[in-house]
Ligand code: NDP
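In the form predicted alone, a lone chain appears below as structure tokens.
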Amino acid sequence: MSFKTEYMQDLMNRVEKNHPAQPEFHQAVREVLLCMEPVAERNPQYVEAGIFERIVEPERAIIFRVSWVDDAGKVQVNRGYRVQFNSAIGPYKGGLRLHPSVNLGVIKFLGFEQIFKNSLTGLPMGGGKGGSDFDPKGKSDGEIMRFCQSFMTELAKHIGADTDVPAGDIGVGAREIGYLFGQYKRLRNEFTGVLTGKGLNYGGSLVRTQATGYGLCYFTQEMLATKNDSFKDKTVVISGSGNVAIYAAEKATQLGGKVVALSDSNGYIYDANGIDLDAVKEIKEVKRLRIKEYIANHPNAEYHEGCKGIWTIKCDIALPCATQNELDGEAAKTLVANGVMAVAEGANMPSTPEAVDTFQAAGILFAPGKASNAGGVATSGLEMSQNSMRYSWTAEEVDAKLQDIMKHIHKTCKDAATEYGEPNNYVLGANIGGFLKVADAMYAQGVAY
């Protein structure tokens, strides 16, 4: 798609010029700005106040060196990032990613997406993201602890319960959050809700581990209901095998679907009888092994090297939950040809623009990640509330609140899309629905010189 107005095209050109060599960030901004043209036309005050120019520029980007000592006594050096993108509606909120692919452009894309995702939850959270090019794979617990302590020594200067509240993301689970929180507490001599995804015995929330995957299925269920349908008796393919994928598979199964495939960065498994989720949890969460180990005890299952082939499996519902741009235009065409009826993103921007265009042209239900995977940050927001109250809700209470939030997000997207003339366009609805709340807050707060 191309821009219809000179104003948005000029703004996109400026983003590409001012943030060179950051393709993921450019992709994320382009998707949003394409949806903003009718908003700018209806709301000239946003143009006059420079809201669009301001929202694509992070309020703050912090880059720092992370030095740590490995088990052999050798000094290692990585680069750390925290992009505090927008605080109009609340403290910055967004995860920390530890992966070799992390760079400033990736963190900016994730932080930009987080603005709209957090807004959609209805909770008072701004958008931010952080991480490092450190790779936790193959590292000992001691090495990961020393890296996390060094990383937090710098990050602690820039975050706080009412300033910026990081969480986990790829490569950052309960172990890493524990090390990060311990170092923050040591440095600041205070016990606050500065990180979410904490252990249950030191301020964590029940259901946080499952939240993104569960929320993804709750949103998908709401979409399906608009067609008088559900997960019941549907074949489901899910990419990834981390928290999001595992608990999306768990909830999809509880809702009556049959999950037949999961993947990791090396390849994918296909089990026509339905994935044995307990076996996958043992392999990935306990033993931390590759997904191919699944076939050792499941002789009827298949393992295939390479991830992309997972989208050739015939299914009714596809849930990409691995990483950005994993599902391209060709894969989308294959899914459509094989009769997929719904695609909902569990990862952040896992579908390329060509894939999104293919799904929308085919008229299937398509949910962008900023709406469908917001359950994780929503439950992080609930964890922040519990920390503030020094109180914990039951799993049933948190899950009920999560379901209500995902229903609210779906309604917000649907209502915004309908108001702007495209009632089945969830991409348009998510971007406009998320933007308006932030834009109104920025407009009300004036221009900070």
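Numbers follow the displayed sequence, beginning with 1. None of the values given here were measured: they were computed from a predicted structure.
The protein also exists as the form predicted together with the ligand; that form is not presented, and the subsequent description refers to it.
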**Request:** Go through Thr358, Ser87, Asn348, Gln221 and name the one with a heavy atom inside 4.5 Å of the ligand in the model of the complex.
**Result:** Asn348
**Request:** Consider the chain as shown here, without its partner, and state which of Lys284, Lys108, Lys198, Lys234 has a heavy atom within 4.5 Å of the ligand in the model of the complex.
**Result:** Lys284
**Request:** Would you point out which of 268-276, 292-300, 331-339, 314-322 contains residues with a non-hydrogen atom within 4.5 Å of the ligand in the model of the complex?
**Result:** 314-322
**Prompt:** Does Pro368 reach the ligand in the model of the complex if we count a contact as any heavy atom within 4.5 Å?
**Reply:** no
**Prompt:** Quick one: does Lys117 come within 4.5 Å of the ligand in the model of the complex, counting heavy atoms only?
**Reply:** yes
**Item:** 4.5 Å heavy atom contact, Gly242 to the ligand in the model of the complex
**Value:** yes
**Message:** Can you work out whether Gly204 and the ligand are in contact in the model of the complex, taking contact to mean some heavy atom pair no more than 4.5 Å apart?
**Reply:** no
**Prompt:** Candidate spot Val56, Leu123 and Asn431, all three in 4.5 Å heavy atom range of the ligand in the model of the complex?
**Reply:** no
**Request:** At a 4.5 angstroms cut-off on non-hydrogen atoms, which residues of 68-99 are near the ligand in the model of the complex? List them in order.
**Result:** Arg97, His99
